[in-house]
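Okay, here we've got a single chain as structure tokens, the form predicted alone, with questions on binding and movement later.
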């Protein structure tokens, strides 16, 4: 099992927290602010909505920070020597240790005073308190082989069900960002394949349908769904069945990766 350490990553340097273990949390944040002015492009940030699927419901990866006990999306800043896509890829790598993650830019967020309330008890020259225009990316990951562990800056790091988000204190406009990401993901279903990053290597058609229903937030007609998904040409039927159920064992499928990535690039023409 892959163990993931989640945290604020105020400074994307593996030795950063180690060098400051003797400091309290406030001092770490203030110290990281001084270093950030030297490393990052001012006023541009990246927020990532990392979706997972537990076989029944869609989840989002969130962090709960110690200094205000509120929940954050994983995010970070744009280094002076990288573009936005590279920054988003780096941030996801640091958060999940996974390569080749599906990553999609979906919106820009530029509300006034996005950061001031969160860092209201810090000096006005704090890097994190400045106004940031954030570029949103969403990612799709299979989290069944990932164990999340919070770091020194985080109280917890958890997969949260979508329907539980309304009950959580989520900072800034991150709740709005999650809703926008989900809307973009739902639109993607109509013209791009979904599932390779969220399902196990082998799956049944009912399991694939559950994924689509979890994303869309509604039930789908089984016969119509099976017909449409087979017509796309992204599935390979295996000579295996899912054992252990009370009914007839359903056939197992896997994705035809060559067709999957071709259609992911060109779009679905017969959905």
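Since we're looking at a predicted model, the values are computed, not measured. Numbering follows the first chain given and starts at 1.
Omitted from view is the form predicted in complex with a further copy of the same chain, to which the following refers.
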### Task
Specify the contacting stretch among 161-169, 69-77, 100-108, 196-204, defined as having any heavy atom within 4.5 Å of a further copy of the same chain in the model of the complex.
100-108
### Query
Taking heavy atoms and a 4.5 Å cut-off, does residue 135 contact a further copy of the same chain in the model of the complex?
yes
### Message
If we define contact as a non-hydrogen atom of the residue within 4.5 angstroms of the partner, is residue 187 a contact of a further copy of the same chain in the model of the complex?
### Response
yes
### Task
Tell me, yes or no, whether residue 57 is in contact with a further copy of the same chain in the model of the complex, where a contact means a heavy atom of each within 4.5 Å.
no
### Message
Although the partner isn't part of this model, could you tell me whether residue 236 comes within 4.5 Å of a further copy of the same chain in the model of the complex, counting any heavy atom of the residue?
### Response
no
### Query
Which of these residues, 220, 44, 30, 232, gets a heavy atom within 4.5 Å of a further copy of the same chain in the model of the complex?
44
